[in-house]
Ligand code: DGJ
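Given as structure tokens, the chain that follows is alone and in the form predicted alone.
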């Protein structure tokens, strides 16, 4: 529900249990008043403190700069007196930057508009507030959009710049959202890592100055995640305050928390200003991506549930949105580049006999690619490996009762490729420099429409040759040499964002023409695991590290924000190919249940004992798939914190069923059983597990006693069912 109180000049947006409030100072300056637990009143303008020194400009023009530098701006602007972090910077034809954005008008409407060319939340019982701010001397405008959903506690924000002036301007900075409040000894929660160790949780106190998480790699990146949350010092899973921001975008980003000398907190999020400069002719607009804001007064659990439900109900799309995903086997760690039709079919026959439903052929099927040093861009089948091409191979796999999937890396070009020989200018490059290689490959210049069309025609041509049900879309290097031979000099700063828009366009075209296709995004594992990608693919490869112990840490950070159905998780071979660790096959299967389940190994070479376990793992996944896809996730204990074991729970929405996952990483001598307090159950009901009955309130408040398992790397799943 959205209301505007004309007497107090206050806007109030209500979600299920929170209120977001803004107001006007001097009738002109849009300021943030409140974000927190749901309020009844809209008479909240006193909270802007406009009756205090330095007073509003109409009463104290001589100290206007002081006002601008302490007022809680709803969308911050720089160059005219606010010296804190700015959301926007516009350079005019005179080479000068500076704006003063003031309130011009608003509209409230039912529903929510799509963002052209960008991923965005959609559907449901929603309402939107659009506020127009303008710069009087130039006519430059910013349209702020706020949407709320009846079934969600999230506030979804975006911003649009409109060049209403008579001259060409350059947009050097255009963030999506600003959140400002009094600083209350907050700590900052963020996600960091690297390849094979993505999204590790980090929490640190916020002192004076700034904490930044960012990417200028052309991808949201393994190293940082487009998420930032300010949490109260006493925040736990079940108590304390959380103010979270999550960016619905897959390219360069900036997320910053800044504590000022006035003891206020300003958080901003948007496209990174570095490598960004957008030319706007008179009348042209620039649409910034969405940012999702979530407030929780009940700790991290409520924040997590809000993100999960919003993304399940209003971001993920397509035929697999609410459908069980096929259990797949990928040949990458089984064969790497060393495979042919006979090898793939030997894997498929064994897999089909055990109940696996899809064979995915990974890298190495095209051009003359026997290693990672050639052929990207040459998307034609290597018939030396695959006689008869995809048609014959896929036909044989289908006759086994299995679906077929295939790997692509559409955004890349190899120096050793027919495509590069024909179009050397199609690679991103700086004039006069040889582009920097990574993985012996370069990046295609997707700012060029002819390159986008070429890539798409390659994809669709392959898909039309055979019955292909799944694509793994990979992207194995960051963007360097940010230069295009087709863009004029004054538009080179648009390249990184144009590249990302082209990726979105390609994936939109793909899922539109092939609506039953299951698309799984991958970027060297989890380098582009973000809400933007989730709009196009219902699942994303979580990490190239499939070790069961490492995955506990990676999946914990991912589960903090994303529903488990979005997490690509596989049972892989041991010793693990990345860390060399041996873990039991049973444990690998339980850890991989926390997502879209599959296998990443040579099933013809595993032991007979392990082979006998596969049908049971598949049956377990299928039994629990609806609950894993739709249920509420609770983090009960973290191996990251205790260095001994991991424990989490999934509870059905009707509270009739709960799954308790416990993974013991290290065994300990002379220890008593663990007492685990479950969450999310019906306190007045009884639950049965392993033939014994328990009261719901006992399980939640007194606890469930779990006898310690013997040995390292042990795991168990316990089902609690209401009786």
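Numbering follows the first chain given and starts at 1. From a predicted model like this one, the values you see are computed outputs, not experimental measurements.
The protein also exists as the form predicted in complex with the named molecule; that form is not presented, and the subsequent description refers to it.
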item: Partner contact for residue 653 in the predicted complex: the named molecule, 4.5 angstroms, heavy atom; value: no
item: Contact label in the predicted complex: residue 602 to the named molecule, heavy atom within 4.5 Å; value: no
item: Any non-hydrogen atom of residue 439 within 4.5 angstroms of the named molecule in the predicted complex; value: yes
item: Close approach of residue 528 to the named molecule in the predicted complex, 4.5 Å, heavy atom; value: no
item: Listed residue that, although the named molecule is not shown, lies within 4.5 Å of it in the predicted complex (heavy atoms), from 414, 306, 524, 121; value: 524
item: Heavy atom within 4.5 Å of the named molecule in the predicted complex - residue from 648, 332, 379, 103; value: 332
item: Which of 259-267, 292-300, 112-120, 470-478 sits within 4.5 Å of the named molecule in the predicted complex, heavy atom basis; value: 470-478
item: Contact set, 370-407 vs the named molecule in the predicted complex - heavy atom within 4.5 angstroms; value: 407
